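We begin with a single chain expressed as structure tokens, specifically the form predicted on its own.
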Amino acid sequence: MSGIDTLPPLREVIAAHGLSAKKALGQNFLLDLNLTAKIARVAGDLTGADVLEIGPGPGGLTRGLLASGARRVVAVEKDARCLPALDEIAATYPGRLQVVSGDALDLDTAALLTPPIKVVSNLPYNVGTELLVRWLTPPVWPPFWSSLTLMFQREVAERIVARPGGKAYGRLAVLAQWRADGRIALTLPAAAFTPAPKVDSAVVHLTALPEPRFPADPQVLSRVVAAAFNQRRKMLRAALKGLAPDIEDRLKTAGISPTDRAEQVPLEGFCALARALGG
């Protein structure tokens, strides 16, 4: 017995099902059920919420979410080897765990859940950033989720919450902070994982705002931010010259110096530039 439920410890589960982590799938298993329960608590009260989990693997975090009282968990797993272990968890929590076999990038996961919805995941490293950007840039806002509690490599987590003026500040920071409140809630050393990755990890908690902080067309803002940070060493008048022939005038209209670089521009400035270009 593991201490949080009647199921075996994760090391026994992994041994019984032959679940060695696959680097190609971005897998690093977190085996300490006390830590997975701690991550589940970062997401707040789960008793009245459906939870989406991407890449549950052998189910350590899944068990933490269910033990914390999640109304229902939908776990999307690409690795078919993990499905029998997840089925054992589903049998222990009847009617509360739905396991979906497939690639989260190809599925309409929102359709599987009932609001309020929280996303809580130890994301596979190879798809984590892409999934985050998708969740932050839906066609309609507010999104299907009320909060995201996500584990990333620590340097990615720091980019999400970064402020202007530093090397970590970039596209992820602008997209995340435009529409959400975010913080790093927890850091975990590489040694906590099996196999141990080369870097530490961190859990980011993002809460969706009812509307963006500043008005801007999402598609225009996305283009501006991508162009600015793709050539972040260049002055903005050079990095953004492909967006408009009179880009210097547009920058000045937005209150931005044409000789500034992308990392110097605060969120409000990028939104003002998106409005200037959109108009």
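One-based numbering along the sequence shown. Because the structure is predicted, anything quoted here is derived from the model rather than measured.
Below: the form predicted in complex with S-adenosylmethionine, not depicted.
Proximity to S-adenosylmethionine in the model of the complex, defined as a heavy atom within 4.5 Å, singles out one entry of Leu172, Ala104, Val204, Ala180, which is Ala104. The contact with S-adenosylmethionine in the model of the complex, taken as any heavy atom within 4.5 Å, belongs to Val127 out of Ile117, Leu188, Val127, Val161.
Contact annotation: S-adenosylmethionine lies within 4.5 Å of heavy atoms from the stretch 50-58 in the model of the complex, the single such stretch among 213-221, 243-251, 226-234, 50-58. In the model of the complex, at least one heavy atom of Gln27 sits within 4.5 Å of S-adenosylmethionine. In the model of the complex, Lys78 approaches S-adenosylmethionine with a heavy atom inside 4.5 Å. Interface membership of Leu123, defined by any non-hydrogen atom within 4.5 Å of S-adenosylmethionine in the model of the complex, is confirmed.
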